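Only one chain comes next, encoded as structure tokens, the form predicted on its own.
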Amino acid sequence: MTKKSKKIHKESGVSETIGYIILFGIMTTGIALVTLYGYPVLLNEQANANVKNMERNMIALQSDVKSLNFKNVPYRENTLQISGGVFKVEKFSTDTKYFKVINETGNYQLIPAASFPGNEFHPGQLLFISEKGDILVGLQNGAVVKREQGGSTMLSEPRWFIDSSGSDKILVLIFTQIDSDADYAKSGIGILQMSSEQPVEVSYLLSSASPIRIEYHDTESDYFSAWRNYFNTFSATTDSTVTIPSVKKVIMKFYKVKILGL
């Protein structure tokens, strides 16, 4: 057999169609694996990035609210990039979450009913709801709180203080209420416009050092764990109520932030 005939004999089993089918099968299998395993991971990472972005937005808004409350800044606005969910204003009148402050000596309510019916402070909130509805990030009563599966956490604390330099304590509580004339909700790019209103301040000099109980009520159990853990920084508690012993003076300031547009 000549060299030429041997060469033809060796290539006689080669088929372009078979090679194409093999390559196409490899490509199809690769695409299927990426679609099956890679794409959900990519979507999950994008959702996590969107939530992290809104956490940063809420902390920036917390700083703006502090400027309105404590620096006498009359107006603030902040541009928000809202992805992976909806940002909304939940004004205090429709809020199911509220605070109470009680002097346990005589069970005396300290939040004034003249300004807050039922001696209850309803804070309202600025709220981000993820597109699946399984994660909430809120700016509530001066704190940035987050709820997800498994419970809730406080990402940034409110401005509450206890002066324990003497034998008796001085308790300072700052409350912030969110109000608006319309129901706002937004996704994409929004410009949040805020102004402040005249605060209400009350001060109690107690006749004797008394235990003061702070209660947080949350019928939807969104931020129960977050406030319970925060209360634990003042005194040990197993629920969303904390009792602070030996308080001689209580100072409370109530601020209202008006949302003008989104």
Partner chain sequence: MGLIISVSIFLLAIIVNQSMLVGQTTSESVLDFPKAEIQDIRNEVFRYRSAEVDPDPIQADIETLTLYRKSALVDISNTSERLTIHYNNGVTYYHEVIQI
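Numbering follows the first chain given and starts at 1. Everything quoted here is computed from the prediction, not taken from an experiment.
Not pictured, yet referred to below: the form predicted in complex with its partner chain.
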Check your understanding: Heavy atom within 4.5 Å of its partner chain in the predicted complex: which of Val172, Val89, Ile102, Ile129?
Key -> Val172
Study note, to complete from the structure: With the partner omitted here, the residue among Arg213, Lys66, His217, Arg228 that in the predicted complex has a heavy atom within 4.5 Å of its partner chain is Lys66
Review point. Looking at its partner chain in the predicted complex, do all three of Asp95, Ser207 and Lys256 come within 4.5 Å of it through at least one heavy atom?
Key: no
Point to revise | its partner chain in the predicted complex: contacting segment from 102 to 110, 71 to 79, 178 to 186, 117 to 125, heavy atom within 4.5 Å | key: 71 to 79
Exercise for review: Indicate whether its partner chain has at least one heavy atom within 4.5 Å of a heavy atom of Val242 in the predicted complex.
Suggested key: no
Review point. So, in the predicted complex, is Asp163 in contact with its partner chain at a 4.5 angstroms heavy atom limit?
Key: yes
Point to revise | Exercise: Arg147 in contact with its partner chain in the predicted complex, heavy atom 4.5 Å | key: no
Point to revise | Heavy atom within 4.5 Å of its partner chain in the predicted complex - qualifying residues of 222 to 252 | key: Ile251
